[in-house]
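This document opens with one chain alone, in C-alpha cells, the form predicted alone.
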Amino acid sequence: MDIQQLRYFVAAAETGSITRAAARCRVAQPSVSQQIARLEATLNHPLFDRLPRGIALTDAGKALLPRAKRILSEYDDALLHFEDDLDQGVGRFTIAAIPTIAPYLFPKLLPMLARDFPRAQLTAIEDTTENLIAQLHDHTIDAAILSPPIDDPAIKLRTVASEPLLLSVSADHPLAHRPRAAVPDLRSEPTIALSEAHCLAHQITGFCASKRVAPNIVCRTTHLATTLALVEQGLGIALIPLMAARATPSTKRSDLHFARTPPTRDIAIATHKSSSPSRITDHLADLTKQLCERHDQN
C-alpha cells in the first residue's frame, strides 16, 4: 500500500469512474486500474464492484475510504507545513553548556530560543567539558557551548566569540583602584583557582605558564560563585571570565582588565560531526555571539 494507490482509490470512489479518476489525477486510465488492482491484492479484498456504467464501492471499499482520506490529508498537511515546522524547530532539542558559561548565558539565551522556536521542546544541561563531549558522542545532547581547545576529531566546533579574562580582587585590595591589571600582579598573591575538572582552570594555567608566572594557589573551588565570594572576602585574587564579572557586579570586589595581552578564552558551539545541519543550532550560535558581544560592550 502506498500513497499513490490511496490517491487513485479515493479519486475513483469520489468520481464513480476509473476514467474520471484518471482525468482528475492526470494519468492514463491503465495506471489507475493497475494501482487499484495492486491495492486490492495487498488488502486481499475487492474495493469496487465493476458495473456496466462505472464502479461502486464494496463493503471493503466503504471501510477503507474514510481511513484513506485521513491518511492523504495528513500526508498533504505534512508536505504543506514541513518548512514551517523546520522554521519553528518542532521536536526535542537539548542544549548544554559548561559551568563557567551556563549561569551567565542560559538565563537570557533560553528564553530567546523559546521565543524564536515556540514549538521546540527545549532542554538545558550544565556539565563539565568531558561529560558533554561524551553526551555529544551518545547523541543525548544536540549542541554544547564550550571553550576550546577540544581534542576530538568527531566533534565539530564553531567559534562564536573570544572572551577576555579579568583579574578580580577585593574592594579593599591594593590593586582595586588601579585602572588596569598587569601580569606581574599575579605573582606571589594568594590565588583562588577553579578545580582542574574545569577547562577554564587549564586555560588559566596555560596563560600563567606562558608568562612564566607561578600562581600561589591557596584554594580550589568547584563553582565560580564560590571563587567570587572568597575574592570578596579578601582571601585571594582570581582570574574570571568577563561574562561572570558582568553578570555578578559587586561593591565588594573590583574586576580589572589587563593592560597588555590579556588572557582570553574562545567560546564555541560544539556538535557531533555526524549530526545534520540544524536551524536551531545556527540560531543558537548567532544568539550566543550576540550575548557575548553585549558583555564585551557593557
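All residue numbers refer to positions in the sequence shown, first residue = 1. Since the model is a prediction, treat every value here as computed from it, not as a measurement. For clarity, a rigid core is taken as the largest C-alpha set superposing within 1.5 Å between two forms.
Beyond the structure shown, there is the form predicted in complex with the DNA, which is absent from this document and is the topic of what follows.
- Highlighted residues 178, 184 and 258: none comes within 4.5 Å of the DNA in the model of the complex, counting any heavy atom.
- With the partner removed from view, the residue among 47, 55, 268, 242 that has a non-hydrogen atom within 4.5 Å of the DNA in the model of the complex turns out to be 55.
- This chain appears without its partner; in the model of the complex, the one residue of 280, 287, 10, 18 with a heavy atom within 4.5 Å of the DNA is 18.
- Mapping the unseen interface onto this chain, residue 43 falls outside it, with no heavy atom inside 4.5 Å of the DNA in the model of the complex.
- Among heavy atoms of residue 27, some come within 4.5 Å of the DNA in the model of the complex.
- Contact annotation for residue 38: at least one heavy atom lies within 4.5 Å of the DNA in the model of the complex.
- Not displayed here, the DNA is kept clear of residue 233 by more than 4.5 Å at the level of heavy atoms in the model of the complex.
- Of the candidate stretches 65-73, 233-241, 27-35, 247-255, only 27-35 has residues with heavy atoms within 4.5 Å of the DNA in the model of the complex.
- Remark: with the core as the superposition reference, the CA shift of residue 20 between this form and the one not shown reaches 2 Å or more.
- Core-superposed comparison between this form and the one not shown: the Cα of residue 29 travels 2 Å or more.
- With the core superposed, residue 11 shows a C-alpha displacement of at least 2 Å between this form and the one not shown.
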